[in-house]
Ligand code: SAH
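Only one chain comes next, encoded as structure tokens, the form predicted on its own.
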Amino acid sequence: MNLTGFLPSLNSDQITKLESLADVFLEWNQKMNLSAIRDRDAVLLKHIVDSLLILPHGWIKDGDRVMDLGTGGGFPGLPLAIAYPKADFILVDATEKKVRAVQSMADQLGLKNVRCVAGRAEQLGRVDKYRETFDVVVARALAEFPTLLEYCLPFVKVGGKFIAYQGPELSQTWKQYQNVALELSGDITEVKGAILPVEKAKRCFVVVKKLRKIFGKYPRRTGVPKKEPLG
């Protein structure tokens, strides 16, 4: 599969790195089962191209501090770091062995703008160096949307944004979560659809702007946002 036609805004060096990412990921996936996807073309499409469907919207800028929360096998964080070499990325996952693997992938690819951190959202969201310090937070396939809001908004600085990678149903139901976003000091400002090439699978991006500092009681203790989502 040739990525150039799917990602016309990227240069040849970036395309080469993305293709190398697929190879490095597949090597690690054999060692520790990071994903059920084991075919190279499927990795290129379902992980890498899918991660970069946000590119046309320009939501990430040079100089931004970006967190990928629940990065898993490194998506969308690693492809985004390749696409935005002048932004700084912190990739977070609760599973330490995944974090070590993703950091090794970043090092193999020479990505100097990537640092990986192990920890749970509910705990890191109360650490001063992470709390409300990020221009952009992204999350892909991590949790249900109201839980995601509580996981992610504590990391977003005032004026920054949280970008949720969601299924197409959120394009119809997002309004029911606006009060939850407001309780967490956010405002749902954009909902954009996208279609994954070849497979024609639908994707929805929900953008939540941080309006003000979040209440000190959020995030709630570990496990509560998932068991008892707001709203």
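Since we're looking at a predicted model, the values are computed, not measured. Start at 1 with the first residue shown and count on from there.
Keep in mind that the form predicted together with the ligand is not shown, yet the notes after this line are about it.
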{"query": "Per-stretch contact check against the ligand in the predicted complex, the hit in 52 to 60, 65 to 73, 182 to 190, 201 to 209 (non-hydrogen atom, 4.5 angstroms)", "finding": "65 to 73"}
{"query": "Proximity of F145 to the ligand in the predicted complex, heavy atoms at 4.5 Å", "finding": "no"}
{"query": "Close approach of K157 to the ligand in the predicted complex, 4.5 Å, heavy atom", "finding": "no"}
{"query": "Any non-hydrogen atom of A121 within 4.5 angstroms of the ligand in the predicted complex", "finding": "yes"}
{"query": "4.5 Å heavy atom contact, A94 to the ligand in the predicted complex", "finding": "yes"}
{"query": "Site check H47, A141 and Y151: each within 4.5 Å of the ligand in the predicted complex by heavy atom", "finding": "yes"}
